[in-house]
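This document opens with one chain alone, in structure tokens, the form predicted alone.
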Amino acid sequence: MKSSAFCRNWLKSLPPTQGDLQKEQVFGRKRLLEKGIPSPEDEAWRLSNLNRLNEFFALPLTIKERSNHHFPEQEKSIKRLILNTNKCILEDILPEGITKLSNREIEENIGNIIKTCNIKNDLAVSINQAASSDLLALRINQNVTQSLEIIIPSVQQQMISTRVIIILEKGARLDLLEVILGNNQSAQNHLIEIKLEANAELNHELISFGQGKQASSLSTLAVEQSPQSKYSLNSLHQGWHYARFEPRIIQTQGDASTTIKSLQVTSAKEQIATHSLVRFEGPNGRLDQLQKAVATDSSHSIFNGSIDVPKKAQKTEAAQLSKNLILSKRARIDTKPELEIVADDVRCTHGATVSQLQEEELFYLLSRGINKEAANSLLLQGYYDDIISNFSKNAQRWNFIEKLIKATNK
């Protein structure tokens, strides 16, 4: 990797290191200068449009609150937090059972999860460390059940860098909806670190919408699971000119359950990539992963999914399936499921498919008097259903079905 002029100039434009995240800012800026921007020779970035990554650094870090997004009415029983322009805005007190980490607790925990997940030197993480000036750090108290909604709006012609840490204590249960929004010529850089202690359960929904011309996003998810914990991720990415999503999930001693259901939809000349890793550090771990993608026009969809099962992870059960739908001769889909298995007593499977809408199904609907646009919409909605049916009613307030159909049914 080499530091591009875009990267160096962007680093020079940042405000002086300061505040509670000063050590992180110093470390991130040093790492960016050392490692710089990846090249086409870097395997993890080989398919990525690096010109668009340079455009990411052409945007200044925002310092003004000028977001113009309109949010759907919130569910009264669910607390909504808005992360805006590097400041975590709490509209009022947190719900019972959710507390903010103290400065001492932040110092004890910050960076530990990304270190466990072995991503402390990743580009997106270094950018976040270099730029983030504030942190939303929450603890879900022992044996508490709560719901939370976190919205991350964007600002036109600006970059926003946001960072979140959530720790679920033993037996805690949280339903979390995250919404990341783009804008015209905007950039989002988001890092969320999550730790689940024993018997904790997290249902995590992530909706990521570009919603603007040349909107970019680099987002990283780091999850550390203790034994008997359950983590479920339902994610949706659509509308980004350039986006890269990197979920890293580690079962630190095995004996935990992970479920991932994800969908990314590309159109026009967009490029959206998901690079996932699930690693088992002990026996009796479980994974069920389904990744779906739809690409049309001249867009490009990328999926690289790694599952790491070392010798100590005996009796692991892991299934990964990548299913892809290509709707245009000019569209491109690259998918690469990977299994690295050293343990010899496991049940692990993976697979990938790339197909088109079935002509027989389309013909059947047309023969019943349904016009072509409506028929395509029905078939696409059926294809999306494996993923979107897992989203809660609160998440569906964001009307993502209409956005998906509009993006791909042209």
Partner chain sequence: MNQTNTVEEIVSQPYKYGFVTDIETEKIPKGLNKEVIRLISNKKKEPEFLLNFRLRAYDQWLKMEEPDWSGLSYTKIDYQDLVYYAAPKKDIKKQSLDEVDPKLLDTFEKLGIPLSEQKRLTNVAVDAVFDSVSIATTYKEKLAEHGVIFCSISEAVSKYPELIEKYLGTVVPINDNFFAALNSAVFSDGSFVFIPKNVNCPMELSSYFRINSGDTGQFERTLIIAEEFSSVSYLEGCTAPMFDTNTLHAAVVELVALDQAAIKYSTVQNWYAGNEKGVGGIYNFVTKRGECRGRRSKISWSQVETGSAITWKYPSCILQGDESIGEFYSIALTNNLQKADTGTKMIHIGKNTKSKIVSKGISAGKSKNSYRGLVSISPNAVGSRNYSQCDSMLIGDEAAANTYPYIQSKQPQSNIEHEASTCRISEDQLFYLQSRGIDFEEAVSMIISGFCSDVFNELPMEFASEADKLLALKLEGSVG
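Residue numbers count along the first chain shown, from 1. Treat the numbers as computed from the prediction; the structure is a model and nothing was measured.
Note that the form predicted in complex with its partner chain isn't included here; everything after this is about it.
Pick the stretch from 128-136, 306-314, 220-228, 259-267 whose residues have a heavy atom within 4.5 Å of its partner chain in the model of the complex.
Comparing against its partner chain in the model of the complex, the contact stretch is 306-314.
Any chance Val342 has a heavy atom within 4.5 Å of its partner chain in the model of the complex?
Answer yes; at least one heavy atom of Val342 falls within 4.5 Å of its partner chain in the model of the complex.
Report whether the minimum heavy atom distance between His350 and its partner chain in the model of the complex is within 4.5 Å.
Close contact exists here: in the model of the complex, His350 approaches its partner chain to within 4.5 Å, heavy atoms only.
Answer with yes or no whether Arg104 is in contact with its partner chain in the model of the complex, where contact means some heavy atom within 4.5 Å.
So Arg104 does not count as contacting its partner chain.
So in the model of the complex, is its partner chain close enough to Lys329 to count as touching (4.5 Å, heavy atoms)?
Yes, Lys329 is a contact residue.
Which pick from Gly111, Pro337, Pro95, Pro283 sits with a heavy atom within 4.5 Å of its partner chain in the model of the complex?
It is Pro337.
Does any residue in 15-47 get within 4.5 Å of its partner chain in the model of the complex, counting heavy atoms only, and if so which ones?
Read in sequence order, the residues that approach its partner chain (within 4.5 Å, in the model of the complex) are Arg46, Leu47.
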